[in-house]
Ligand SMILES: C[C@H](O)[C@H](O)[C@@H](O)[C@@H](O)C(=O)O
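So this first bit is one chain, no partners, the form predicted alone, shown in structure tokens.
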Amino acid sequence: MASARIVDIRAFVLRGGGADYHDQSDGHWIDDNIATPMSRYPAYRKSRRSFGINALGTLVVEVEADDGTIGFAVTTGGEPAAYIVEKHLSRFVIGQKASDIELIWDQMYFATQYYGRKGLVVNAISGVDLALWDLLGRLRQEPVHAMIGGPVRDEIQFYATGARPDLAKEMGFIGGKMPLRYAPVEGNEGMNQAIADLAEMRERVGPDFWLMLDCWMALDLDYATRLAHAAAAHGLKWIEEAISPDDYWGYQSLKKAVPPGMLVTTGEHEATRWGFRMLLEMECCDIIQPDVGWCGGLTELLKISALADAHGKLVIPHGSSVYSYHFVVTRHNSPFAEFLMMAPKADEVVPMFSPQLQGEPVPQNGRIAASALDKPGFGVELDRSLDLARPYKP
């Protein structure tokens, strides 16, 4: 099986939830009056979909070995990423050994460096990389976590991201991360309302439950600093992605400026070991939050994690379902994980990447047993009844 070679790679596009979890219908909490960098424009203030957060859709990548075994992965990037996979990245995949993941990654990255480095191109690379790990696990009949060192704990514990941390507490999660609903454009009145919302939620969940704020790149340094100090009285555990991901200097200043004991977290929209090296060496944050489907895939996440470990920082991946679970369960510096509450009202636990993944494990009482991840590869299947479109072919 180690000598199996890859004979085909295919890129498909899907719409509606799943990996592109913002691609939801009206009434979903994830699209409802959340502060964003576009909040300064009235036409784009109410809904994130209004400025196109769901424009790309899901990218599905399949890789097929010469014995007919197929590995797959889902991420974001949609049709533009599918073009990159089919028309450029495929030459570095077809004909290679299924086990040559490091070689393939290196060639994909440096061949696209002149127009890539972050964003859409690295999303495409991530999708290919995850599909390769899934293929290798299926060929070897091993779960991915076994191929990267094996579990260091018997279960993964989760905090929940969603509009109702109080309900998340009842469901057994260790904490709740709320979206920030008021942007700087709404002035002091908006900040006061944000703090009132936090105070109300603290009253509901009690003193010991973690509460965090996801600011989704919406703030400037001054506003983020004032928000952090105002929130300290209500036991805010961390302030997340408060400013632009390109403003390393702003994060460096924010980390110094927040109240003692409050954590600064970021990295959801960062990519590759070089981007995270900036965050770590400049002391920008306490926790890095790479998304394995966006940062370069599992191959790159392992390098990012080693860097973080050397700097004494935690790695708590952004969402990404089974693709992060197999990583988290193997790392000492990833002691818990994020679960996105994808029920429209954040009032029940549903599979994060539904409807695209079949067999996706979900937390029970805020936890997933390591043994639930023991199927070959990433342990999930693609729902092939969905409208898979392959816009580009060789």
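The first residue of the sequence shown is number 1, and the count goes up from there. Treat the numbers as computed from the prediction; the structure is a model and nothing was measured.
Omitted from view is the form predicted together with the named molecule, to which the following refers.
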Contact stretch among 173-181, 244-252, 132-140, 117-125 - heavy atom within 4.5 Å of the named molecule in the model of the complex:
173-181
Is the gap between Asp214 and the named molecule in the model of the complex 4.5 Å or less for some heavy atom pair?
yes
Is it the case that Thr161, even though its partner is missing from this view, gets within 4.5 Å of the named molecule in the model of the complex, heavy atoms only?
yes
Looking at the partner-bound form in the model of the complex, is Glu338 within 4.5 Å of the named molecule by any heavy atom?
yes
Heavy atoms within 4.5 Å of the named molecule in the model of the complex: does Lys375 have any?
no
Heavy atom within 4.5 Å of the named molecule in the model of the complex, from candidates Val349, Ile30, Ala65, Leu56, belongs to Ile30
In the model of the complex: members of 295-327 within 4.5 Å of the named molecule, any heavy atom:
His318
